[in-house]
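Shown next as structure tokens: one chain only, the form predicted alone.
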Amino acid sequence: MSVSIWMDQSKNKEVIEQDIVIIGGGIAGLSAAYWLQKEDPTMRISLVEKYELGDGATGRNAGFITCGSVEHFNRLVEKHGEDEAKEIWRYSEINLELLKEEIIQGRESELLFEHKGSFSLASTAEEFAELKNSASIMEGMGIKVDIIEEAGIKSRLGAENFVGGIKYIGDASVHPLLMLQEIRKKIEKTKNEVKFYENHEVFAIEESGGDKVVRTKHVTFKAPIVVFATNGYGPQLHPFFEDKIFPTRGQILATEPVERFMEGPCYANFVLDYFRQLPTGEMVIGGFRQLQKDVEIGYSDETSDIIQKALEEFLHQHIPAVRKAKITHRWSGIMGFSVDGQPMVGALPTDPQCFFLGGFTAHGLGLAFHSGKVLTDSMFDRKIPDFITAKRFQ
């Protein structure tokens, strides 16, 4: 993020005074705006976005709304213990419940929303054994899962060369940009003071008389509170995030529509790879960043031949129904991976006027809407879960 002296058009314009400035126009930023205006409709809130709303990871992911974290549940338990692992899982379940209650509201078909669960598939006996172990632990904790054998994977998902898998009953999928636009509509329908500023790149945040001055290439904002909803781009705006949130590229491709054959979205290869068929028939697949770990860290958002080829080969090997389908889109997006795999919400320890939410580690749609609510709780001095609070880094 950078703005030259020639691009800065804000110098001779009036400073816009607000109560809160939210930086970032993806699912995190709009979720924060939604819950803050619901808390107090009189608050003057400006949301600023470098490009158009959803142009970052929100508009570049695969549309999974999944529970848990980036790891199989048995590993989550090993790392956090049973109680906290269940709390982490429940946090993402609440995220989906809130989306359905507040945003989806019976408009499933318009938003391409499907609540059909998701699958984790194993191509080796070792991973299938781990998945069955995860399922056993989850069932013992009251989380609904099904174990799927090889024949069931073929008949229900049209997928080959997998030895088995498990289904997470509560997961969902959506058109991420349509859902983001719906959140904006919900905000704008209320009598509030939220304003959106697209194509307003932030290049400086300064102090002035106890307030924050947020400078964009077009205008300048002044407010007592700033919210960083920048996820993977946080390190470009504040050094606090440099060792806590890491920009990580994810690559995806999509095919032309084919006749519907898949029951629900799928993960494979220890959650590193993922694919789904849209309600409109297109196949979307992403992952394989493990093939170029060094290249996939950073802010470059072009696609690479190695990973795109791997995505094509995966479809050819595992999904016969799309072997002849034309590839129509290839893209990438920058996610924010947190240092410990869990999202983070709170205030900067060195500056209580600066709040943030991010570090969703490839699960932004499954975590951010609830995180916007938790951010509001944090800002109004209500207790938030220990596993997500920024205080864990102090």
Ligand SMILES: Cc1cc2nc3c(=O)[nH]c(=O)nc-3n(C[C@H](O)[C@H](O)[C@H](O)COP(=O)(O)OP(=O)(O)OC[C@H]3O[C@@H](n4cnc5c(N)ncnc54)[C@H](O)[C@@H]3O)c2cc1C
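Just so it is clear, the model here is predicted, and its values are computed rather than measured. Start at 1 and count along the sequence shown; that's the residue number.
We do not show the form predicted in complex with this ligand, though everything after this point is about it.
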Could you check which residue among Glu71, Glu201, Glu82, Glu160 gets a heavy atom within 4.5 Å of this ligand in the model of the complex? Glu201
At the 4.5 Å heavy atom threshold, is Ile88 in contact with this ligand in the model of the complex? no
Is it the case that Val374, even though its partner is missing from this view, gets within 4.5 Å of this ligand in the model of the complex, heavy atoms only? no
Could you confirm whether Ile23 comes within 4.5 Å of this ligand in the model of the complex, counting heavy atoms only? yes
Using 4.5 Å between non-hydrogen atoms, is Ile334 touching this ligand in the model of the complex? yes
Heavy atoms within 4.5 Å of this ligand in the model of the complex: which stretch in 33-41, 321-329, 50-58, 342-350 meets that? 50-58
Sequence order please: the residues of 215-230 with a heavy atom within 4.5 Å of this ligand in the model of the complex. Ala229, Thr230
